[in-house]
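Have a look below at one chain only, the form predicted on its own, in structure tokens format.
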């Protein structure tokens, strides 16, 4: 067994050469652990006489204290060196330019819905919404659609059960509003709709509409025309003109489609991508609410009349921003979406 002096000399050399905290810990166990060399010296004192044991014990205890001091000093030195290495690695050059992160933008569909909604809210309309999974009654029956109407076919409509479907328009919100509100009623209802269309440049199985409904005493077709003419001017420009063509919708009578004058060429360019030289662009459908629809809400049709209108959000955005393919709205190409701030 080595003497205390020999153990100290060896321990000092090994501890001073330790390069990592793990190596220093191994040396602590080697010398001061339960089976360590210093511990073994302490255990061997039982073989000595009283006087010799006292002197030897003092020597071994001093050895233990000296080794502990060496280990503590080495531990602190290694910790300080490790901190210096970390600080050097984590050093930040505050003069280096920062990285620019592009902010997110609202989707063009959201922007267009907000623009449309803001125009009508400034006219006193409130915004109301309804579920996308609707009943056949709200989507067809209450809107005066005959049982033989082609829009009821499975080739046009996504049915979930015999009596539930994905709404094909936002018009069911009209029915829900008439069933829960008393006139005067003045609401718009933006939302998603679904039809069994094959995707192409102008069709999508999912799209967005904004529906409008006004019901009160003395409402006329003139009120409808004035409202929509004002909308067109605020949405597309003060110089836009409008005209109304007779049409047919089951839930309005009379019904019309509204065209607006081409804001791109004014009808002067035969190759115009918007009007193709006609000077007019179809923008939305509208009409006076059919009495059968008003009766669903329990309204007196001799007292109350109303008008309704509906427009495609994608179509409105495509016209306003010169977008030629509806699929661009849903392909999530950030190069396209980032253009609309």
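Positions refer to the first chain, counted from 1. Source: prediction; values computed, not measured.
A second form of this protein, the form predicted in complex with 3,4-dihydroxyphenylalanine, is not displayed here; the remarks below concern that form.
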Heavy atom within 4.5 Å of 3,4-dihydroxyphenylalanine in the predicted bound form, from candidates 308, 313, 67, 293, belongs to 308
3,4-dihydroxyphenylalanine isn't shown here, but in the predicted bound form which of 204, 169, 144, 261 has a heavy atom within 4.5 Å of it? 169
Which of 70 to 78, 207 to 215, 115 to 123, 129 to 137 has heavy atoms within 4.5 Å of 3,4-dihydroxyphenylalanine in the predicted bound form? 207 to 215
Quick check on residue 152: any heavy atom within 4.5 Å of 3,4-dihydroxyphenylalanine in the predicted bound form? no
Taking the shortest heavy atom distance, is residue 251 within 4.5 Å of 3,4-dihydroxyphenylalanine in the predicted bound form? yes
Proximity of residue 186 to 3,4-dihydroxyphenylalanine in the predicted bound form, heavy atoms at 4.5 Å: no
Please tell me whether any heavy atom belonging to residue 195 falls inside 4.5 Å of a heavy atom of 3,4-dihydroxyphenylalanine, as the geometry stands in the predicted bound form. yes
Only counting heavy atoms and a 4.5 Å limit, does any residue of 272 to 303 reach 3,4-dihydroxyphenylalanine in the predicted bound form, and if so which ones? 285, 286, 287
